[in-house]
Every structure is written in structure tokens, then in C-alpha cells.
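Presented as C-alpha cells, the chain that follows is alone, the form predicted on its own.
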């Protein structure tokens, strides 16, 4: 399984991701979608936008997200627009837990204003207004993450510990069960969350909370996972 960090630029995805990967322990690695795009294209993202256009950037982005979603034991930092894409959103949710990092618009601007020239989507006479507009446009997509954490007034380590506290109870051997029975579960529970305990599904629900409530308890070797629609065959914690 993976842990994916989504959210707007300047919310701390890369910084939190690096420390979270270390917190997860041996075998976990940190990967940054934007960094891989720049490495493979041999140019910064701002230059890709300028010389090749946003459609080319989005194609590269999709390629790298799909590649990362096939691997495991990664903390993935994504670009701010990745989770808006329905297909990529499904792949990331299917590969593991998705955490949305957010922050107030003014905080975001304060964090990125020293390198606005490197942020092609914020090229505007009023970058704060642009941030507000983009946040509004992406609000519905970001709301589909499993967890949301506001990073405005907390440290990187505090964010990491919050994520760890929320995810640790859900990381269990049930993941192996889901990988072995992906097609069967997708046909029966596609688009829902399931609670797995001791190699069997004990509850399901349309939301993480509903599944949790139906299970009654998540003590012991229990995990809560999202099952993607039947067209896909993996599931997420």
C-alpha cells in the first residue's frame, strides 16, 4: 500500500512526505511527482508550461502518477491538480490512504511568494485571488481524500504525528487479503469502504465513517479500506 499526500501548493506535501516516510520505518520511501516530472523532462515545471504547454505537463503528470500507483510502500507527494483528475484520484485511493493537506489562502501565498515566478498557475496581478479561485475549483475533489489536515498553524512534525496517529490503527495484514481478493471484492463492494478482520469483511459503508460505525470496533487486526469500482482490482486503506 501507499500513502498519498494531495492538496494545494504550499501546504507542505513534500516536507511532510519526507518525514512521514521516515516515520513509517524500514521499507518505506518518499517520491515526489513534480520532482520526477522535472527529472525526466530535464527542465523545471515552469519551463515545461512555458515551452511545451500545460497539456504536455498533464500528460507527464498522469504517466508518473500511474507508475507510482503500481508500486507499494511509498509516501507520494502529488501536484496540486492531480486529485482533480477522476481517473488518477481513483488510482491513488486504490493504492492506499489519501491525506489532503490544506492551509488558509494567505498562508499559502506567504509560503510561495518568494518563488511565484516558478508557479505558472499563480501568474496573475492578484495571486491571492488566484489562490482562492483555484482552491474553490478543487474543493470538491480535495474533499474526497480520506483525511484532511490544516497545516496553517502547526509544524511539520506535528502534521506527521497527526497522520501517524490516524493511520497506524488501520495498517494491518488485511491489506494482503484485499490484494488477493481484489476482483471479487470490487464486484461486491465497488465504490465502498470495507472493514476487514481476520481475513474477512465484517462491515461496509459508503464512507469511511459509516463503515467504521457498522463494524462497532476496529480493535485487533482490523483495517478499513476503500474498494474501487469493478473496473479496477485493487483497494486502499
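Residue numbers count along the first chain shown, from 1. From a predicted model like this one, the values you see are computed outputs, not experimental measurements.
The same protein also has a form predicted in complex with a small molecule, omitted here; what follows describes it.
Though the partner is left out of this view, residue 120 does reach within 4.5 Å of the small molecule in the model of the complex, counting heavy atoms only. Among residues of the shown chain, residue 58 is one whose heavy atoms approach the small molecule to within 4.5 Å in the model of the complex. Mapping the unseen interface onto this chain, residue 151 falls outside it, with no heavy atom inside 4.5 Å of the small molecule in the model of the complex. In the model of the complex, the small molecule sits within 4.5 Å of a heavy atom of residue 78. The listed set 138, 113, 132, 104 contains one residue whose heavy atoms approach the small molecule in the model of the complex to within 4.5 Å, identified as 138.
Only one of 186, 45, 211, 69 lies close to the small molecule in the model of the complex, with a heavy atom inside 4.5 Å, and it is 45. Contact check for 8, 13 and 34: all three have a heavy atom within 4.5 Å of the small molecule in the model of the complex. Contact with the small molecule, judged by heavy atoms within 4.5 Å in the model of the complex, is confined among 157-165, 78-86, 143-151, 94-102 to 78-86.
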